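In the block that follows, a single chain appears as structure tokens, in the form predicted on its own.
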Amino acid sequence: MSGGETKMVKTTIDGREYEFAEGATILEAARSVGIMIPHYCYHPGLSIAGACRMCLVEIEKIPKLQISCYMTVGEGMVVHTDTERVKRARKSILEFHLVNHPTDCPVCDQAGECGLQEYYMLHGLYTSRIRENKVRKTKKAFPVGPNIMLDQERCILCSRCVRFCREVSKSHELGMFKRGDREVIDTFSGRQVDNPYAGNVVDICPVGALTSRDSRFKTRSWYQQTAESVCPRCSRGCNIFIHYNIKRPWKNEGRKVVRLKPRFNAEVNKWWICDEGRFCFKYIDDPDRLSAPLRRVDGASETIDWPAALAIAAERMLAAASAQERDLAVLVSPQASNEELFLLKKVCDERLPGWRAAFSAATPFEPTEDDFLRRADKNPNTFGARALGLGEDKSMDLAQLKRAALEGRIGTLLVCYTDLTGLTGEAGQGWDAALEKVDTLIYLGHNDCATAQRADLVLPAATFAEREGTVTNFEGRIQLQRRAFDPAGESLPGWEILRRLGETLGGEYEFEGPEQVFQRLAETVPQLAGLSYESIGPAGCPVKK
């Protein structure tokens, strides 16, 4: 056997022989062939604790039942996961876990996605033999961090949260204290669960002992719908689920998005996301969403329809592109999807010759970075923008654009997804004077901001949760952001705004949707040749070098 070859072993599970890689645990091996073994403490991203004992299985020639999260498959091994002996053991373990667990399911925020509830229905269903009073724990609905609530009575001491803080975030805030039925998880003295990845302890808690202070009691899990997407908060592009509620608008204070949760991707983020990404969605439902096109008349904004807005935009952009003295400039942001960037460049190149591209990756966010997931570049698509040729030498950077505006060389300026005055540091300074020198300022974005308030024309765009599109992360992995729900008000997906603008300028852009835009994009950009939404798939794929 060569050094890199995986040795396979034949193991029989529930009467059927399979081949597994040597060293795989029985629990993972069984799951790989569709046999689910119940467990609480086991998590594929954490070390093995063997604490909950729910994953017991029977192995021939071994007298005692074994925990399948620790025992590995072996050549000729015969495993039984569903015998009467195994069922009786699981039932007893479950009864043990429920001795001190409160039956507060009607008010528990974990109801509907609780491991205890699910396993009780599958493996419990016994008549309780417990006559003693439950042990009362100290911290019930107690905040242990800015985003985390602890209920010690619900905890079954699986230790997932403790291992996460020790092994993944390496922040060590949580520990296990006392012994026996008095044992609890708690924070170390003077500590709070306040690290950049703290929200993950809520995701991995199987029983509602740790809940999110942000989303608890907002919308029951069975009222929530789910869409797969990619986090827009930095260039890592962590895979996420958007949990939202649009059928019961009286829930969640009227907001559509309830929470974001990590979606497993072995190549990007595995099982985790950072808190910056987890809580970045509030702008989607903010009252300051731009919900209709606006134009400024005598210092006041008034609502207009899309044809009128696009006609004004086309007229001003065409005039500036044709003028000799003053230019048309377009500030492109890597906040936009590949489809939006491609269409913007295509329309400008074809209909507005002489336009000047400006490119900036500056954002209003602090450039936080670590050696785990967070990246200093807080844009989801800088790699994709550069693959399209944006940000190259012939493009202006932000300082050059500001200087050109101050010198009166910009007639019309289209700003995409960037609040110029809200940028951090020097990048956000001096724009008041610069924008005063611009004849026509057009803003394309989704939320009101200082730049939008100064704009002569506002084109409201959909957020990442309201449109489909692709983004390419810093490692060159292209991934899909799926549309969860319709755009707010009369706002439109960015690609559609640009398609309509192109048509208003006299071009023919007969794209029926973002997928058709991507097809054209893949025909144009060599790095994307041969790709489609279908081939990109839910996990994304690397672009060609």
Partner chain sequence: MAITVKKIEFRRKLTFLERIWLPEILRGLWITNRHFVVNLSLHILNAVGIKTRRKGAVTIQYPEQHRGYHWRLRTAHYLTRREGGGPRCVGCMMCETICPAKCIYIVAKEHPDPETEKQAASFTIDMGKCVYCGLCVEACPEDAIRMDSGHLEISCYSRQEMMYPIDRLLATEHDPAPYKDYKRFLQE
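Numbering follows the first chain given and starts at 1. Predicted, not measured: the structure shown is a model, and the values here were computed from it.
In what follows, reference is made to the form predicted together with the partner chain, a form of this protein that is not presented.
- Remark: none of the three candidate residues (R16, H80 and H101) comes within 4.5 Å of the partner chain in the predicted bound form, counting heavy atoms only.
- At the 4.5 Å threshold, heavy atoms of A433 stay clear of the partner chain in the predicted bound form, well away from it.
- Put simply, K251 is close to the partner chain in the predicted bound form: some heavy atom of it is within 4.5 Å.
- Proximity of M121 to the partner chain in the predicted bound form falls outside the 4.5 Å heavy atom cutoff.
- Among heavy atoms of R374, none comes within 4.5 Å of the partner chain in the predicted bound form.
- A single residue from the set R154, K346, K261, R316 has any heavy atom within 4.5 angstroms of the partner chain in the predicted bound form; that residue is R154.
- Think of it this way: in the predicted bound form, the partner chain has a heavy atom of just one of K140, R255, R166, R85 within 4.5 Å, and the residue is K140.
- Screening 221 to 229, 158 to 166, 325 to 333, 433 to 441 for residues having heavy atoms within 4.5 Å of the partner chain in the predicted bound form returns a single hit, 221 to 229.
- Counting a residue when any of its non-hydrogen atoms is within 4.5 Å of the partner chain in the predicted bound form, the hits in 92 to 114 run P106, V107.
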